[in-house]
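Below you will find one chain, with nothing else, as structure tokens; this is the form predicted on its own, and questions on how it binds or moves follow later.
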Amino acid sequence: MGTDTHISEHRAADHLISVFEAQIRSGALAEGDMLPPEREIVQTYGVSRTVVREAVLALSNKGLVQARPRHRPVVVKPGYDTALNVVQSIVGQLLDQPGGIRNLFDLRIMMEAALVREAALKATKEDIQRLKTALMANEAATGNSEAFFRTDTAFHGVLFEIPNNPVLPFIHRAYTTWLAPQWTQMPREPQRNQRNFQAHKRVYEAILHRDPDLAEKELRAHLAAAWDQVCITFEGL
């Protein structure tokens, strides 16, 4: 295939992607609807089957359709989890760059510092109880590092839920997904788990006593210590 033909097909695929994106966003193609058969798209838009398949792949990567072999693509409703899946590979490449993990972790610190302040000022009794329940589960798991990682994640997850902003739990899941490969490779040390639990407890108590300054101080100290633990395990971060 010549270069000019390749460019022409690529532009045709871009046009086709734009057409279907517009139909999906306008509601002309609703969630659960199937895209037209490949043959019909070829005839309607005067493109090749290669162009159609390239466009469908791009729509799938954008989280706008679900494409399975031997099935017509189905329109799906984009959600926060879809967004996570779409950017997963991009973030993975960023994390592989020098300082990438540290940059993401710094962003997490800034966000959680704001969240613990918010919790100390505005958490309801129900929020405090959920945080306490998560803390108790974390304490019970100090002797089992796999369970401790799950309950550690759940404790921090409550902080992202307290403001009742649907974007925040998605961000927490994203952080957990992106950083898990490093965290799960950490040595399994019950003593370290106990230290981290005690740090969680201090954060909880500061929130319980409605002290945003202390809550932020304890959270920052906890995450700084957590980063030091990671650096001991992985050189060159």
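From 1 onward, residues are counted along the sequence shown. Fair warning: this is a prediction, and the values are worked out from it, not measured in the lab. Definition used throughout: the rigid core is the maximal C-alpha set that superposes within 1.5 Å between two forms.
The form predicted in complex with the DNA exists for this protein as well; it is not shown, and the discussion that follows is about that form.
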| property | result |
| --- | --- |
| Heavy atom within 4.5 Å of the DNA in the predicted bound form - the one residue of 211, 33, 38, 189 that qualifies | 38 |
| Heavy atom within 4.5 Å of the DNA in the predicted bound form - the one residue of 195, 201, 62, 53 that qualifies | 53 |
| Partner contact for residue 71 in the predicted bound form: the DNA, 4.5 angstroms, heavy atom | yes |
| Contact test in the predicted bound form: residue 48 vs the DNA, heavy atoms, 4.5 Å | yes |
| Residue contact check: residue 11 to the DNA in the predicted bound form, 4.5 Å heavy atom | yes |
| Segment that reaches the DNA in the predicted bound form - one of 38 to 46, 22 to 30, 201 to 209, 168 to 176, heavy atoms within 4.5 Å | 38 to 46 |
| Threshold 2 Å Cα movement between this form and the one not shown for residue 68, core superposed | yes |
| Core-aligned CA displacement of residue 209 at least 2 Å between this form and the one not shown | no |
| Residue 34: Cα shift of 2 Å or greater between this form and the one not shown (core-aligned) | yes |
